[in-house]
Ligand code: ADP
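Take a look at this one chain, the form predicted on its own, written out in structure tokens.
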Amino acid sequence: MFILSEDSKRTQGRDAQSSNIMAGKAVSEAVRTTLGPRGMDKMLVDSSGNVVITNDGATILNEMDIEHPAAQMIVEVAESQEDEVGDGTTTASVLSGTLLAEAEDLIEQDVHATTIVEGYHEAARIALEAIDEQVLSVEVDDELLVQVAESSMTGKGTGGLTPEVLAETVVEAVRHVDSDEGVARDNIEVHTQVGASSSATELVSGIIIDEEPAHDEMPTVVEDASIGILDVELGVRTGEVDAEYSIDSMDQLTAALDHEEAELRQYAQDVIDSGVDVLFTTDSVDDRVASLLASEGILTFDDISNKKARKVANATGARRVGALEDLTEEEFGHADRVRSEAYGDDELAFVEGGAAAEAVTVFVRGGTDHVADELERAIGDALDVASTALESGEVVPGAGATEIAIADHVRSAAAGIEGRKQLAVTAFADAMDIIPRTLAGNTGQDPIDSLVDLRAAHEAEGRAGLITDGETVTIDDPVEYGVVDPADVKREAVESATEAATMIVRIDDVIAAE
């Protein structure tokens, strides 16, 4: 009896498990060399010839255009890590692949997949306990936030600028949106602009949009500005149906033109009478109206998108209006300053201060598109981890120290677990060692020797990580060197990697339609 169509392909049992595990391991291995402060970059070229150079795990996996369904689960791990805490994507991906490799060894020893899954979940619970024990009893102040942000950016492309300088900008941005209600991460934006070195990166108290004034004679700077937002076309009205008008004399043509001119002047006068200083419209503004507004010193930006209009409204407190007569002072927003600046062929509008001060923008500069894009990714991750650390108030040692502590704690707890599940718990502990081993390998050290030394230092001192300054590698307390990570990054990596690995291990039948 044939149940499946002739075009379907089915893989069962060990073959299905082996195929899925192999795919997951391959994806994990692809990003492994990017981990840590001495990690390498990947160059990704798509079918159109577009190039991305990065060592950000989530970006690499997204750009790889992975089709294998099991491998796609590892991509989802990275995406989940990125969405939840903003960093640790490579750690989560590498850990997922190593858990799969350990599971494969257990399957070959005839340990049932269900036993492995149960053991992994038990080990994950123990690992989370170990992370809780590693949380530092310190106040998350600006100095510590700088360390968190700097640890996140170390090893990523920062255009030659030291991570410490950028970290200070990141912390300033995060503190700006911190309140009793929490950290409003959505109020921090990152805007990149090519054309200067990364040292020109700055924090703008307000928002930046890619727009140019509607007329060349408009002012480029307006101080203490009242902001209006219109969803109205400031031009000659046209009918929705095709129509023809018959003009029999020059007087009729003149009258028509005069009426048109009067209509446009009335639009301009209505805007002028409203008292607005800066006008944003989602529709077009006739050149003659723009010229009249320019003569009155009203800075106008037309044809802006709905997204940009919402952005201006949220930043300034202005309310969008759908009729010109509704453009009144009660609907205005406010900013300390609005300015328009040219950067090469691009023009940007800066809306700063006042009501706009609730939003901040990290204005990222870079000499090339690749530098600016990678710097944007690095700063974005740093903003996320600094926000996470400030929200939770919990940080743990970095540089592989927390992973060594997790592995030690899980390995010790495994001795008290009965049955074959103990093998899976021990395998989980061995998998955790992949992070310090990879860090050691990426810094040019022997992974095995470094792991042995790390374990010995952890037993003796209680905290040990791999510290590198770019030339030498030291095994020491990472906290003394300011290498710390948010605890939530470690928790999310353990949980998401465990979920992905156990889901893949449980699959013993793959049915694919050709």
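Since the structure is predicted, the reported quantities are computational estimates derived from the model, not experimental observations. So that there is no doubt, residue numbering starts at 1 and follows the sequence shown.
Another form exists, predicted together with ligand ADP; not displayed. Remarks below refer to it.
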query: 318, 285, 439, 103: which sits within 4.5 Å of ligand ADP in the predicted bound form by any heavy atom?
result: 439
- prompt: Though ligand ADP is not shown, can you say which of 66, 30, 451, 35 has a heavy atom within 4.5 Å of it in the predicted bound form?
  reply: 35
- prompt: For residue 388, is any heavy atom within 4.5 Å of ligand ADP in the predicted bound form, or not?
  reply: no
task: Indicate whether ligand ADP has at least one heavy atom within 4.5 Å of a heavy atom of residue 119 in the predicted bound form.
output: no
query: So in the predicted bound form, does residue 426 come within 4.5 Å of ligand ADP, heavy atom to heavy atom?
result: no
- prompt: Using heavy atoms and a 4.5 Å limit, would one call residue 340 a contact residue for ligand ADP in the predicted bound form?
  reply: no
message: For the three residues 87, 466 and 490, which mark the spot I'm curious about, does each lie within 4.5 Å of ligand ADP in the predicted bound form through at least one heavy atom?
response: yes
- prompt: For the chain seen here without its partner, which of 22-30, 453-461, 482-490, 46-54 has a heavy atom within 4.5 Å of ligand ADP in the predicted bound form?
  reply: 482-490
